[in-house]
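Before any questions on binding or motion, here is one chain by itself as structure tokens, the form predicted alone.
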């Protein structure tokens, strides 16, 4: 006897079609373009820096001129070179923290939804405990004990993103677990890992995209905030958040040293916000059409 896979009833927008709608929405497309532009700017910027970002070339807060297109910062370093070089660390750290938090949170959420019972209860209680600790404060406390490290920063931010991600993915996966195709996969004896990866995960792709955009935005803001507070990337390295902190006292004298890196961080976060908001609107319209 040949077992055939059951068809899902009442599904008007398959996950692939919904994902395609999200990626073709004007708002999500604009957000995605902004994100890609900022990532390219961060990755390629150091290759176009006219000077070393740590070299002292002029007096502090010097005006533009004498080979310094945007002037000098609080120590006399070229602002343009530090801006071009300052996004590399923030970009790779934010992307790594985002994907780490998204992957861990998604795994916890899917396992909790699939297993149910005592496993679900225990995992969600751990998540609730993690949610009580603000990410920034947890990172500051930990870094104060062990010292600043870029890898530790990535791990701490990823851990901070995990509980919220787990909550969202558990809620998105619970209705999917009860669908016919998942029940069919269980009936024929497929392994739990295969069911989660091949049957459940593709059905929660849309909320996963939305949450990834949001978590990327929060990663950028969190890492830039830690650098601003002195617990992130350490001097003399160039970093947008660190630049704002180093030059805030000279804002009235040389505003470019603060304004431009702040705009770079803002553009990064706005891109992630536009992507997440646009995707949420597409999903909302699709769910409204179904009902």
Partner chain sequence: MATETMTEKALEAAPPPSRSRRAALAWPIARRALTGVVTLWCISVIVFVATQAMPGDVAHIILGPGASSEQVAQLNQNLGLDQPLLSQYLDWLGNVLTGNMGDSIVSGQPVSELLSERIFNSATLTVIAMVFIIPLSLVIGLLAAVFRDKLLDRAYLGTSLIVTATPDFVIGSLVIALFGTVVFKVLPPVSLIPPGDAPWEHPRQLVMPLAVMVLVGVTYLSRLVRVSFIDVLESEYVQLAIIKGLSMRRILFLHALPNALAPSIPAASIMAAYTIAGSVVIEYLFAYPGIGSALVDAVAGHDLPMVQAIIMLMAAAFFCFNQLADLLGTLNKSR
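These figures come from a predicted structure and were not determined experimentally. Residue numbers count along the first chain shown, from 1.
Keep in mind the form predicted in complex with the partner chain is missing from the figure; the text below concerns it.
266 is the sole member of 44, 266, 69, 37 with a non-hydrogen atom within 4.5 Å of the partner chain in the predicted complex.
With the partner chain left out of view, the stretch that reaches within 4.5 Å of it through heavy atoms in the predicted complex is, among 78-86, 91-99, 108-116, 130-138, 130-138. Within 4.5 Å of some heavy atom of the partner chain in the predicted complex lies at least one heavy atom of residue 221. In the predicted complex, none of the heavy atoms of residue 194 sits within 4.5 Å of a heavy atom of the partner chain. In the predicted complex, the partner chain stays beyond 4.5 Å of every heavy atom belonging to residue 33. The shortest heavy atom separation between residue 123 and the partner chain in the predicted complex exceeds 4.5 Å. Interface residues of 217-242, taken as those with a heavy atom within 4.5 Å of the partner chain in the predicted complex (partner not displayed): 217, 218, 221, 224, 225, 228, 229, 231, 241, in sequence order.
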